[in-house]
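Next up is one chain by itself, shown in structure tokens, the form predicted on its own.
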Amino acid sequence: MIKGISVFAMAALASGFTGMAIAEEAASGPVTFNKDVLPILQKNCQDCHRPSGKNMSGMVAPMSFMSYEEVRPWAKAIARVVDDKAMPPWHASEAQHGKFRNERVLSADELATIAAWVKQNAPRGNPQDAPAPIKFQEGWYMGEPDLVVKFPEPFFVNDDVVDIYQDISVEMTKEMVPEDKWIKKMEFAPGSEVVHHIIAYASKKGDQGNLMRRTHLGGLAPGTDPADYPEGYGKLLPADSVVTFQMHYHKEAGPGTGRLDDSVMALQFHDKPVEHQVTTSPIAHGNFEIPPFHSDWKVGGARTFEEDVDLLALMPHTHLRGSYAKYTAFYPDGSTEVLLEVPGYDFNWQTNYSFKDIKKIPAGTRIEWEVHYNNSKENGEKNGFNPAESVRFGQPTTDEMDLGWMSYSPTKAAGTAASD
């Protein structure tokens, strides 16, 4: 199941019932797959749980939920994982419920319906009660792209590679980008199963090696949604530029494990004027060391904005040991606000939390970024790393990172006079 996380506990507390009491109340009447459960799956799950379902940056649903025959064997498992909040994959705290436009949420009634259906031995019901099948868009999730950027040639990841970072540059020709373009939507398609993540940058020709003069366009990581900027906001792709794919490949080493990769980036451009250029950059400490066998090591950093900015999205990023993340705003008037708390960070679901309403951040605001790491023996056994080692910031998956990504733009529209 892919489209939500429960506010069930909160709703149960408000109504004076426990989760089981609500489920048993729903169980007092007949609950069937066709009439009651299938609409929930169509709305919240089938986007991924279907043949050729949504590829969440390499995360592909392992089973289909399109028919009763497909769902029935998984009925108890579905009820269990939604009750445990293991699925749907949404990891923000319930305190932030309703803040993010890509939030995947099941209602208390939907959860109670699933529990009651399983309690009643998962009956099929009348086929005439079933809603019409949904017609899903195939191909690119964002729709037809205006431009697809491909490698000049496929890159071969050798047999002996475990972790490798490889920059692959593509020149934007006049036929591809005849004039400066503003990116509205961006989607990546990994070209092989050994792609761990991708970050794409744009640079003027000749400046590819200058890290200070490149523009972060976007990227792909496990479980990340495609980028979609509001009207008036976008990333700039200049004419006569070079797009560099920073590829991170990760796999087991050994004979026959090498793979050819031909990952691509698809873009849709704004067809209306864009006044707000979006910047994506992280808060990071970088200089830390996690001790061996420490189960809750905290690292932090901060940034103070010197001008009013519009905050569009937040994306915490760590590796295998990351367990908790939080962004807190300290405003000039002395008030504070938790912008995002992720109490159960999951390396396999690196969500870009996009605000439903653009967050206005006044000049002088300090945003603090806090991340915790679990380097315990138990977590090492679960995620396949050696907890006996001290761990520092580094690119390989077995090292760690503390990147509190933020996407934002100056509130004042570009070109506006200072007195406006």
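Source: prediction; values computed, not measured. Numbering starts at 1 and follows the sequence shown.
One more form of this protein exists, namely the form predicted in complex with a small molecule; it is left out here, but the text below deals with it.
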Among the candidates 391, 361, 61, 31, the residue which, in the predicted complex, approaches the small molecule to within 4.5 Å (heavy atoms) = 61
ask   = Which one of 352, 374, 44, 365 is close to the small molecule in the predicted complex, taking close to mean a heavy atom within 4.5 Å?
value = 44
ask   = Is residue 65 close enough to the small molecule in the predicted complex to count, meaning some heavy atom within 4.5 Å?
value = yes
query = Can any non-hydrogen atom of residue 74 be found within 4.5 angstroms of the small molecule in the predicted complex?
reply = yes
key: Partner contact for residue 82 in the predicted complex: the small molecule, 4.5 angstroms, heavy atom   = yes
key: Contact label in the predicted complex: residue 313 to the small molecule, heavy atom within 4.5 Å   = no
task = Specify the contacting stretch among 279 to 287, 168 to 176, 88 to 96, 318 to 326, defined as having any heavy atom within 4.5 Å of the small molecule in the predicted complex.
result = 88 to 96
